[in-house]
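Below sits a lone chain in structure tokens, taken as the form predicted alone.
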Amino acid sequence: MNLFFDPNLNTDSREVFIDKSEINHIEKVLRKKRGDFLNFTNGKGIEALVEICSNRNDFTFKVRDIVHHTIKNQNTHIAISPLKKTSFFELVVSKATELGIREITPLICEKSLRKSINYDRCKKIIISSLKQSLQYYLPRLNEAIGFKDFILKNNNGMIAHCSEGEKITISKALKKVKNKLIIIGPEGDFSLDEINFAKEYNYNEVTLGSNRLRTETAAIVACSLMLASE
């Protein structure tokens, strides 16, 4: 099965629309032709069964059936510092989407080497990962926010860091927190001030295992553990 994306798809849609590059992929790579069916989503839980129809020399795509999917892993949220190499942050965005995380926030920390991300590119990566993983809900990509402002808006969660501390597993922490939220720092880790500030606002210190992980690896592991503990 291949999944395609049309953000304007809704329950009343009679047709779907995609760009010419996608049409070329459907025709030349997938070898689809008139009378074949494709699956589309709007990233908001709707799946459409779409028939390829011919309009002279062009394809048109007619909606034949609509399915509503319930959301899974609701309210799962990861906040992570933008990384020195943009490709590493984009990897996290891609894998978090594939795993089923529902919200992603770029978190500006004291030791963050970057203060922003390429939102347009990240959103394209999210859509591509959604299609690849055959999901029907796009995660929300938030604007970048400072560490303390984020904590004040999202108190009670989990913080993973490399400093000493009384840490518990994510599965145990999820029984204590009200938000399925984990924060991951930059390459230089969170400062002690940031860790203590998060603890003041009911963040549980969690372990990701005995190995010291690169930031992007830690983020992916954290997502996996959080979803596996649901």
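For every residue, the number given is its place in the sequence shown, counted from 1. Everything quoted here is computed from the prediction, not taken from an experiment.
Here the subject shifts to the form predicted in complex with another copy of the chain, a form of this protein not shown in this document.
Only one of 103-111, 125-133, 145-153, 76-84 places residue heavy atoms within 4.5 angstroms of another copy of the chain in the predicted bound form, namely 125-133. Annotation: in the predicted bound form, residues V16, E22 and R64 none come within 4.5 Å of another copy of the chain through any heavy atom. Although the partner is absent here, K72 lies within 4.5 Å of another copy of the chain in the predicted bound form, judged by heavy atoms. For the chain shown alone, L141 is not a contact residue for another copy of the chain in the predicted bound form, no non-hydrogen atom being within 4.5 angstroms. Under a 4.5 angstroms non-hydrogen atom cutoff, another copy of the chain in the predicted bound form has L91 among its neighbouring residues.
Contact between N211 and another copy of the chain in the predicted bound form is found at the 4.5 Å heavy atom cutoff. Residues from 201-228 that approach another copy of the chain in the predicted bound form with a non-hydrogen atom closer than or equal to 4.5 Å are S210, N211, R212, L213, R214, E216, T217, I220, V221, S224, L225, A228, in the order they occur in the chain.
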